[in-house]
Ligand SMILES: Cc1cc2nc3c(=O)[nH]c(=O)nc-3n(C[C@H](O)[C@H](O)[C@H](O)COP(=O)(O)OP(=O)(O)OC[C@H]3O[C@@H](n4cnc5c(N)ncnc54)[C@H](O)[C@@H]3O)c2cc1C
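Heads up, the chain below is alone and in the form predicted on its own; it's given as structure tokens.
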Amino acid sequence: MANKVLVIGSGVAGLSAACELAALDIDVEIVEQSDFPGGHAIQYTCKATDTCVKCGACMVEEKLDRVVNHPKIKVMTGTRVQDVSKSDDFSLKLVKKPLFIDPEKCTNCGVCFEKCPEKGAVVKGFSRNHSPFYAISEDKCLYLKDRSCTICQEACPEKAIDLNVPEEAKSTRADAVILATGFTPFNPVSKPYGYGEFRNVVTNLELERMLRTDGRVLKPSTGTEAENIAFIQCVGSRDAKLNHLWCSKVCCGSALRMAGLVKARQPGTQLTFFYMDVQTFGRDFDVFYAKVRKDVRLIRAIPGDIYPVAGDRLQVTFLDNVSSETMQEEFDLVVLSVGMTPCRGLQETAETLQVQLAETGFAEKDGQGTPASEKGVFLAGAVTGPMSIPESIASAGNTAFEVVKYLGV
């Protein structure tokens, strides 16, 4: 029987590991709990201006393109691992959520998205490799709540939507398992920044999506261009009160690259960057940082509160480290750079696969970067802690090498 590996998670690490293994003629199945493969990073925008700034966003699309077109790789979205047993190999029970939109019938026309009366009930993908490009949210769909709405089903010209499809139980086998479930972005609702209350307070991930889909930075409240933007770093990272003592590593690079992109596209925009200290990134950091400082005002302080003020603006309060005075400034938009936290549901998955968790809540590695490779379970990417896209790809390559050694290929 041919060797087969199950990869749990289709973020950049899972995709990269699958590519490496499939290139060696190993069958790979990828299980992804969300509706679309690619993880968080498939939502990121390319931040190149006149030159490439090595943000890594294009690498994710390239990996996903290879995966969906590779005959040795099968991707199962909307699917989670329910149970695992092992003798000579792994036997896994899977649960697949209802596939309300038939990918064989859907033409990605978008009528369901346009007609749906409940915001967020029909969600869009981010990649040309997302097929179908739309999905029904079980949490938001009115029909699934109380059977009160079937507008999307009735409006679909291809009759591709069936809101009565049940979930499906599946089973599969594997000779090895790679856990690559990535991270969960910190939810900043507990912070005094008005996230979820003030429409013009967004996260860095929401800004990534805005730049990818709209190409410009718009105020959610009005749809007009934001002329004065504040970035606040370390929201949910390096926070003793939360016991999140780790640095998420990628936030500084992501925010500063996005600031550079915004300045290139909207030259009149004023940009302010609030930070503790700046995490270096890349071999060309010094050159990049010197350029960014010409376009972005850097303030070494973390704001305390944000309040709405007249003119649809936000007042940010912070302590000036030079004068030791409390300062207040107004902005059109505030971007919270939220940290990476352990993947939601990791505890349950770790128990199922007998993977140890570190004190941080991330999966714990041994000296080889695997939890217990002799048992056939391996780790890849940010499931073990914050990583950039290039670091996640490198981690996946190392993991694929360990899997190959385990399989004796």
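Don't overthink the numbering: it's just position in the shown sequence, from 1. This structure is a prediction, so every number in the text was calculated from the model and none was measured.
Unshown form predicted together with the ligand; subsequent notes refer to it.
At the 4.5 Å heavy atom threshold, is Pro390 in contact with the ligand in the model of the complex? Yes, contact at 4.5 Å.
Can Asp175 be called a contact residue for the ligand in the model of the complex at 4.5 Å between heavy atoms? No - in the model of the complex, heavy atoms of Asp175 and the ligand never come within 4.5 Å of each other.
Are any of the heavy atoms in Arg80 no more than 4.5 Å from a heavy atom of the ligand in the model of the complex? Answer yes; at least one heavy atom of Arg80 falls within 4.5 Å of the ligand in the model of the complex.
Whether Thr399 contacts the ligand in the model of the complex should be assessed with a 4.5 Å heavy atom distance threshold; does it? It does not: once the ligand is placed as it appears in the model of the complex, Thr399 has no heavy atom within 4.5 Å of it.
Report the stretch among 129-137, 147-155, 249-257, 101-109 that approaches the ligand in the model of the complex to within 4.5 Å, counting heavy atoms only. It is 249-257 that comes within 4.5 Å of the partner.
Could you list which residues of 198-221 come within 4.5 Å of the ligand in the model of the complex, counting heavy atoms only? If the 4.5 Å heavy-atom criterion is applied to the ligand in the model of the complex, 198-221 yields Asn204, Leu205, Glu208.
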